[in-house]
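First, one chain by itself in structure tokens, the form predicted on its own.
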């Protein structure tokens, strides 16, 4: 189902949605970064390329209470707040689908899934990309194929809205008269939108080839040692990555016979993540941890729909102090393999 809404009516639609849910919209921080925050009048950022932080911080908070204990009995802490995330990009919608699969695969994580069940995603297709974006190579954008409740296309004075789920149709229905029939040439306009946005993609990576190299263990000798020599082990790439799911769990007493169990973000690039109680660390060298991270991102999935655990958002490339990140590592790996022949 495709409908049209005037661009200047979008805030009115969001106000109606906020009557039944907490609506997160893109807002610009003092330093210029655009992030999703609960809606405030007049604060929505209409023009931005990519969110500085992914929706992961809302679905999987950096510090997340899991269980409260009292008198040797535990009670799950489930967050069932109704939330609508508005304006996330297609790469982040793909990342949410990867998180959904991870937290449902071997064990149905009640805390994550409670949030996810009560969350709706309104995606804004990308009219242009940042220099570090490579969603086209990752197969996640710049237009989302799935993973959204509603997807919006900015055509200037109007936005076209496509429903991806029954819940998305209900969200659009709550806009009432703000939504109308699309123009007769809507399909042509959508095709032109896609053509222009794909042509605007500045970075292209052969991830399929890299996936095969990594799976075949065909990297040049000492390649990962060279990457590790430049890695400061700050964890920034993992903390900003929308698909990283590593975490630690800690119990803390809160009073006599009372306590709380919390989940805290962690990352496999840090030395302590795999260190055992005996002191032994099966991935002691930083080179092994770097190799493991890229194996997981590019070679660790058997899904035909989502062969990569990287969605091409480019945040790792932008945040790394030494300018490492997916783009640099993939480029150097392909050049190294070509040079070794």
Partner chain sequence: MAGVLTTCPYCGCGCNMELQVAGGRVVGTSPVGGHPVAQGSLCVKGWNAHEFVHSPDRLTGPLLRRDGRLAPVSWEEAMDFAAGGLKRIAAEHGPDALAFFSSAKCTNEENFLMMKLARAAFRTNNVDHCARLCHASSVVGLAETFGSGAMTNSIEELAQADCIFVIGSNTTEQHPQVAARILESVRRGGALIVADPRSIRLTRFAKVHLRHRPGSDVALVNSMMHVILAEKLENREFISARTENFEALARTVRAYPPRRGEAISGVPADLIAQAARTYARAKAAAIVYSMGITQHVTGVDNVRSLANLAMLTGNVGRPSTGVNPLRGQNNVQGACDVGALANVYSGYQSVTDPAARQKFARAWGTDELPGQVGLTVVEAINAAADGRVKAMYIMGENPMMSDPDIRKAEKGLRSLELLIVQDIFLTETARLADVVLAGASFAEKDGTFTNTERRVQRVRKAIEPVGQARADWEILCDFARRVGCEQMSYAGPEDVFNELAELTPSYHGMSYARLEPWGLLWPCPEPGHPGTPYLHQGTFARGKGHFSPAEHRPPDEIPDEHYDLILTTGRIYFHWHTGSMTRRTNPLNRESPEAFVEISPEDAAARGIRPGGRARVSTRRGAIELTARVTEDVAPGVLFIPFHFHEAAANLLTNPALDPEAKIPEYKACAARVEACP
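For clarity, every value in this text was computed on a predicted model and none was experimentally measured. Positions refer to the first chain, counted from 1.
What follows is about the form predicted together with its partner chain, which we do not show.
K.L.:
Taking 20, 77 and 113 as the candidate spot, are all three within 4.5 angstroms of its partner chain in the predicted bound form by heavy atoms?
P.N.:
Not one of the three qualifies.
K.L.:
I need the one stretch from 201-209, 181-189, 260-268, 143-151 whose residues put non-hydrogen atoms within 4.5 angstroms of its partner chain in the predicted bound form.
P.N.:
Single hit among the candidates: 260-268.
K.L.:
Using 4.5 Å between non-hydrogen atoms, is residue 37 touching its partner chain in the predicted bound form?
P.N.:
Flag for residue 37 set to yes.
K.L.:
Is residue 194 a contact residue for its partner chain in the predicted bound form, using a 4.5 Å heavy atom cut-off?
P.N.:
Because no heavy atom of residue 194 falls inside 4.5 Å of its partner chain in the predicted bound form, the answer is no.
K.L.:
So, in the predicted bound form, is residue 318 in contact with its partner chain at a 4.5 angstroms heavy atom limit?
P.N.:
Residue 318: yes, in contact with its partner chain in the predicted bound form.
K.L.:
Within a 4.5 Å heavy atom cut-off, is residue 273 in contact with its partner chain in the predicted bound form?
P.N.:
Residue-level check for residue 273: yes, a contact with its partner chain.
K.L.:
Mind listing which residues of 230-245 have a heavy atom within 4.5 Å of its partner chain in the predicted bound form?
P.N.:
Result: 230, 231, 232, 233, 234, 236, 239, 240.
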